[in-house]
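Coming up is one lone chain in structure tokens, specifically the form predicted on its own.
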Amino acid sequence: MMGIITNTKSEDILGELTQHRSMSAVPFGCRYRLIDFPLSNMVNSGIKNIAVVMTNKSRALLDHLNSGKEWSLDRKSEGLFLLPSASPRLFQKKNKFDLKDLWENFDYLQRARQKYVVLSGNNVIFNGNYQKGLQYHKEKGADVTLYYKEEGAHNLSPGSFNYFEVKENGRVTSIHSCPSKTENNQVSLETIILERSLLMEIVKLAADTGNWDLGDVLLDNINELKVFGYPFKGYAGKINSLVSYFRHSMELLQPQVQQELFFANGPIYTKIKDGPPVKYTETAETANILAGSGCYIEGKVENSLLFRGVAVGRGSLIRKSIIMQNSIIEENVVLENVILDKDVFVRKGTVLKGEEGKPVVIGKRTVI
């Protein structure tokens, strides 16, 4: 197999978090980026030819990926490819897989030697082995295999999803955007397996017809193609709103979720940064937190995630919040249901509280 990670959602949906970076580069889980999950899944599945479609906000992503060394993709042959987007501003609206990007890089598909392709979005987090999906694809004699997660209506976060209707034999009969409010829903994980030759035919068809959305092409040909759904049973999250980003981040405080997401089918790799361990002073109080290396904690922190290099001053209270890299919180500050982006400085005595599950977001390098 070969792998392609592309853009499947508008970068505006995360507001301040994507003002200076692409969706792929959004920080997650104290030391990771969203792209680390599909990229690590591909590497753990033995895939050595992987392409990432870039966008117009690519500096942070380029810095993170570099040569692909952390994922063992700095190879003499194949390895990591960074592909230009055909229309980088297109993703302001809500798209599925944009075939125009693949048409722009059609020679990359032509030169590849692998028979199968795994297409992945950049805003879905799960730990899966694509070899299992490929085996399912072959057993079913499928033309296209779509990963999905079955969710009850009460588990769905606000935002845009794709949903499948799947028969008992696994055949997908419909793709739509409206969930059932009473029944379980087959929620797309934006991961697709198909033969490279079929993908090239679909891309050529899109160029002829002007229909660049892969989801629409599949729906238009749902009766002609053998489209099957692969049910993913482990933990999975779709980051398609600030509410869902906050919720899935908070779920990392559950040990079972940590184990499933970071170790179930292999480790999740990321860019290595050396740093000292967290320092807790005699005044520090912590309960149920994740903290990255280099943090310095003098205050009280509960049910929160601290990225690398965060400083929490004496007498401060941090509760149900996400504090990103190198943010500094002075003395006697209260933060609750808050997301601070990187390098935020919070002055003494500041009180900032968001609603339960609906955090206040403070942009990168802000002083408050």
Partner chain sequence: MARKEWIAMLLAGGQGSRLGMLTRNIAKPAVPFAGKYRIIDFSLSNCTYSAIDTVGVLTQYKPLLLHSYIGIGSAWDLNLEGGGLYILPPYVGEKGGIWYKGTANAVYQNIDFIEYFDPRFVLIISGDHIYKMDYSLMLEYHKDKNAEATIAVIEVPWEEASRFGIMICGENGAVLDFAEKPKKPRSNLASMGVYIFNWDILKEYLFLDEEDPLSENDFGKNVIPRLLKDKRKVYAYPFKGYWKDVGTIESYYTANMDLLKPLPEMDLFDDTIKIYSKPSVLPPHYIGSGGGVKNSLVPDGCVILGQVERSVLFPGVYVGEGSYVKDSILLPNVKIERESIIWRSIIGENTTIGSRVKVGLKSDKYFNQEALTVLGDGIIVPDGVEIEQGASIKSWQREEAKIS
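Positions refer to the first chain, counted from 1. Predicted, not measured: the structure shown is a model, and the values here were computed from it.
A second form of this protein, the form predicted in complex with its partner chain, is not displayed here; the remarks below concern that form.
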Quiz item: So in the predicted bound form, does K279 come within 4.5 Å of its partner chain, heavy atom to heavy atom?
Solution: yes
Quiz item: Contact between P267 and its partner chain in the predicted bound form at 4.5 Å, heavy atoms?
Solution: yes
Quiz item: Though only this chain appears here, would R75 touch its partner chain in the predicted bound form if you measure heavy atom gaps against 4.5 Å?
Solution: no
Self-check item: Partner contact for T209 in the predicted bound form: its partner chain, 4.5 angstroms, heavy atom
Solution: no
Quiz prompt | Interface residue in the predicted bound form among N288, Q110, N169, N223, criterion: non-hydrogen atom within 4.5 angstroms of its partner chain | solution = N288
Quiz item: Can you pick the one in L205, L253, L83, L219 that has a heavy atom within 4.5 Å of its partner chain in the predicted bound form?
Solution: L253
Exercise. With its partner chain left out here, work out from 141 to 149, 234 to 242, 279 to 287, 192 to 200 which stretch has heavy atoms within 4.5 Å of it in the predicted bound form.
Key: 279 to 287
Quiz item: Is any part of 246 to 263 within 4.5 angstroms of its partner chain in the predicted bound form by a non-hydrogen atom, and which residues would that be?
Solution: L253, P255, Q258, F262, F263
